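The chain below stands alone, shown as structure tokens; this is the form predicted alone.
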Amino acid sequence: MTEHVVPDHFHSAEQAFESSKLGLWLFLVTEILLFGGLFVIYIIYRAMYPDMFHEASRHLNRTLGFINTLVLICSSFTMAMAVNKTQNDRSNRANQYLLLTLMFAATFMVIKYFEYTHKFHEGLLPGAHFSFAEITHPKADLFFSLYFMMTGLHGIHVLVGIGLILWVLVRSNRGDFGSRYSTPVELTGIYWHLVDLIWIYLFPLLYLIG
């Protein structure tokens, strides 16, 4: 394992870790507030147009949404295992789990790409671009505006997570992490679990309300 040098402004490696963890949790609070605002908007409009939300949700692909939910749950497990193996100085196994997490994340984005492509083709688009004739409710575009806003923002977070996991994997592969220093792996794991948790809320709100 490569020797980790504690920055001068920290008294110890433990203090550096706790400070990094606190900083990440503060950042995640802002992320929760961001998605929380969207959830509030969703609740308000769903209360205003319940029939439209039920009708529009039936045009989402629940099978693909369910598969993506399973994919992210599996990715949370592999990420947790990667952290565990890193902390126990089993870097080869940690690298394998990180690679699996990357594959699950990429699978999620590929499935989401096919979902989006189908909706573009059908005209299930946000705002003035909505052109799907089978839904006659005048506010149907509102549901898909929220759908693309919420799932699109989540997708951006998945892409950020992919970048972080790839960065951690490269460093882990060259021996930067182990029982004595695993902070980046742990913090990436915490971020990734939040990304997965947000989707677990999005899936029933958007796909199952019908």
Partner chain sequence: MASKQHNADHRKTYFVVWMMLLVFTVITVWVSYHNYGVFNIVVAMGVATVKATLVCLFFMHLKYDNRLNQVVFVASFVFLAIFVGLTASDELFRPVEAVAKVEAVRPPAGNQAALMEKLRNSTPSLIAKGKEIYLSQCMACHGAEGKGNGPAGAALNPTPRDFTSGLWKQGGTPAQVFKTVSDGMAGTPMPPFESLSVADRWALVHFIRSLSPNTPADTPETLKLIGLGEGVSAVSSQALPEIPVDFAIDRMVKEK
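The shown structure was predicted, so the numbers you read here are calculated from the model rather than taken from an experiment. Residue numbers count along the first chain shown, from 1.
Quick note: we don't show the form predicted together with its partner chain, though the next part is all about it.
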Q) Out of Val170, Val160, Leu28, Met149, which one falls within 4.5 Å of its partner chain in the predicted complex, going by heavy atoms? A) Leu28
(Q) Whether His154 contacts its partner chain in the predicted complex should be assessed with a 4.5 Å heavy atom distance threshold; does it? (A) no
Q) Should Ser91 be counted as a contact of its partner chain in the predicted complex, where contact means heavy atoms within 4.5 Å? A) no
**Q.** Distance check, Gln96 to its partner chain in the predicted complex, heavy atom within 4.5 Å
**A.** no
Q | 4.5 Å heavy atom contact, Ala106 and its partner chain in the predicted complex | A | no
(Q) With the partner left out here, which residues of 82-96 have a non-hydrogen atom within 4.5 Å of its partner chain in the predicted complex? (A) Asn84, Lys85, Gln87, Asn88
